[in-house]
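This document contains two forms of one protein chain, each encoded as structure tokens and listed individually as structure 1 and structure 2.
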Structure 1
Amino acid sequence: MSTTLKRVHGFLAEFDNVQDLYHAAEHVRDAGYQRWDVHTPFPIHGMDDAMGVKRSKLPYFVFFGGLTGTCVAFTLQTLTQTTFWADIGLGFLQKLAETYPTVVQAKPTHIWTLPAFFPVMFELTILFSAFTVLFGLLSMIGLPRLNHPLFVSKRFAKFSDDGFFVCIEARDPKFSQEGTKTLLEKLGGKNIELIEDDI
């Protein structure tokens, strides 16, 4: 006989309509909860404000990812094709540049041939930005994840059809089984259930 250890994931409460869910989100936000979410079959205008969700930090990561791509492209091209490094006193890097010089129609190979580098700089800027978006977003939202504790709830399957749910997680500092359940009941939550996750 095997026993499965479980831990509390949080409370899940169902609401009748968008208005009730919206007002419940405002009250949960005002109560000071930080680790909670709403689940709806469609986007609800203004829900981010009702939940107190702040602007994402992802654009800052993407900007610095793109800037890194630009710098990598510039460094790669100047290392391999110009006399720039010798000009600023780093002659030991110049040996690499002399290995692969790109002389086109007898044009000079120094830092002022920068416009020729723009296509590669642009491409690596876009490439690094795209990878930053992909991997940054996945890490920020906690994916990939093969299963979620909310999937054990039979009622939760309604969220993609006509159900409106609030889930307050147990890892929230304000979470308590009695206090959180009482709050959800006061807000008009129905079918409130304690969600448990296998350890």
Structure 2
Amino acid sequence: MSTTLKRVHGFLAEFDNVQDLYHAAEHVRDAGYQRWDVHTPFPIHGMDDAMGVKRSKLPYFVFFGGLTGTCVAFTLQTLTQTTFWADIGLGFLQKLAETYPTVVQAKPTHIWTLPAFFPVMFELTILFSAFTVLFGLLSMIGLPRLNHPLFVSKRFAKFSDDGFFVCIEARDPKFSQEGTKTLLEKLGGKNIELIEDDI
């Protein structure tokens, strides 16, 4: 005989349409729940307000990601093509990178040839920003992950077609098996399921 331990993940309730889901979200927010989410096939505008979700912090990370790109491009180019680093007393960097600045296309090796470096600085700013967007996003939303308790639910697969779900997690301090279920029923939730996770 085998026994499997189960842990309650939360309650999953289905709603008929965007409007019902939106109003349900407002009520769950007002009931003071923290660890819950709605699952929809497309982003619903205004849902952040209805849920009380704050604006994403991603742009701040991306700004610094982009700045890193600019600096990398500046350093790479000035280090290899100019005497700038030696001029400010950091000649060892130039030795370290084994560089030998040469005059090409009549462009001198001092720092005032800088405009010729702008295109690459621009491109690397964009490149580093884009990577920061991708990896910043993934780390902020905790993806990729191989599995999630919600995927146990047969009905949940509808979320990517035309299903609108609310899931209130058991980790929420206000969660209770009866109270949360009653709330979801009262809001018009259908097919309310208790999602359990194998430990």
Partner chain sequence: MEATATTHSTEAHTGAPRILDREPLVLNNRSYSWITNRICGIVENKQPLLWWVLFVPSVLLTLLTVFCFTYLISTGVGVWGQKQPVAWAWDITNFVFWIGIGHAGTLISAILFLTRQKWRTSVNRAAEAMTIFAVMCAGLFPAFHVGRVWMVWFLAPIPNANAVWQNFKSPLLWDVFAVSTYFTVSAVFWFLGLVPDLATLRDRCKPGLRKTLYGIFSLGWRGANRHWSHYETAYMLLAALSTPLVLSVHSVVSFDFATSIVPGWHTTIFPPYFVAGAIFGGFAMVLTLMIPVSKIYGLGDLITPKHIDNMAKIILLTGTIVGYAYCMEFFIAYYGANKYELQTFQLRGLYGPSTWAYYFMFGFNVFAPQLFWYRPFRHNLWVVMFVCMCVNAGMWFERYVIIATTLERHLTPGSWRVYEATWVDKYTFLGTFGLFMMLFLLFLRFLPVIAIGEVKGVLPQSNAHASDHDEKGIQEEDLMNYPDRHVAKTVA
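Note that the structure is a prediction, hence the values are computed from the model and not measured. Take the two forms, superpose them, and find the largest set of C-alpha atoms that agree within 1.5 Å; that set is the rigid core. Residue indices: 1-based, along structure 1.
- Task: Name the structure that is the form predicted in complex with the partner chain; the other one isn't.
- Result: Here the form predicted in complex with the partner chain corresponds to structure 2.
- Query: Where is the hinge, among P173, D161, R145, E178, for the turn of one rigid part against another between structure 1 and structure 2?
  - Reply: Looking at P173, D161, R145, E178, only one falls at a hinge: R145.
- Query: When the larger rigid part is held fixed by a C-alpha fit, how many degrees does the smaller part turn between structure 1 and structure 2?
  - Reply: Turning angle of the smaller piece versus the larger: 17 degrees.
- Query: Keeping the rigid core fixed, what distance in angstrom separates the two C-alpha positions of L138 between structure 1 and structure 2?
  - Reply: Rounded to one decimal, the shift is 4.0 Å.
- Taking the rigid core as the frame of reference, how far in Å is the Cα of F64 displaced between structure 1 and structure 2? Here the C-alpha difference is 6.5 Å.
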